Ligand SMILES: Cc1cc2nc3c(=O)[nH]c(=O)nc-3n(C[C@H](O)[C@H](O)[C@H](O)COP(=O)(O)O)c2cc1C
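Single chain ahead, written as structure tokens, the form predicted on its own.
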């Protein structure tokens, strides 16, 4: 088993790491932008594909990854895992339907509420304490799912059914389709940018570069929010115009259960 993931602020990576540690401690985690990710599909019969949900859709980078490795999915058993700030609909189903077109067998789906990663908007902002409780609840759900898979062979099917498909389609995807139909070209760099290169280093798309001492975007943003959350000057925004919170997962590492 191998876990392949896209994670912007650390939410998705945490969930996948937790899940695999319970299900298969020897399983490897590979970032989707790594050159090893494509090879990992061919070298493993069982794959967990994890990514953040964007407006009840999957990030365009994840869609490209599935399509670009189309021949490799045939006969593979894939479990889809998504993280969300509030609502996912059929976030897992969007990838599942595409994977099935390439011959993969989708074993299940799990959709997990995690701290909101869109840090250039006030929407869904919560306190650190509230976010710790959200992470702790997600951990409990991961533990339950892993136990049911281990003991009963029962995989959760969240986001894969027809009702979830309708919820995702009419709840968000139709209204916000333009935001996820292609790579985003709306990365904004303010005059606060000092050209430190943090965004360039962290971008999974190699979309950013430094020119004349300032970061510039090439128009191929997958909206993972790494650049926004990692910028020390809060100079990068995507959907909004101001960074209200540096939403890195490290700020929300949960305390031991007996302290929550």
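Positions refer to the first chain, counted from 1. The structure displayed is predicted, hence computed values, not measured ones.
The same protein also exists as the form predicted together with the named molecule; that form is not shown, yet it is the one meant from here on.
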* Asked: Of the listed stretches (66-74, 26-34, 199-207, 48-56), which one has a non-hydrogen atom within 4.5 Å of the named molecule in the predicted bound form?
  -> 48-56
* To do: Taking 4.5 Å between heavy atoms as the contact cutoff, choose which of 84, 149, 189, 160 touches the named molecule in the predicted bound form.
  => 84
* Structure fact -> Checked 114, 78, 142, 164 for heavy atoms within 4.5 Å of the named molecule in the predicted bound form; positive is 114
* To do: Using a 4.5 Å heavy atom cut-off, state whether residue 243 contacts the named molecule in the predicted bound form.
  => no
* **Residue contact check: residue 239 to the named molecule in the predicted bound form, 4.5 Å heavy atom** => yes
* **Partner proximity in the predicted bound form: residue 6 to the named molecule, non-hydrogen atom cutoff 4.5 Å** => yes
* Asked: Hey, in the predicted bound form, does residue 224 get a heavy atom within 4.5 angstroms of the named molecule?
  -> yes
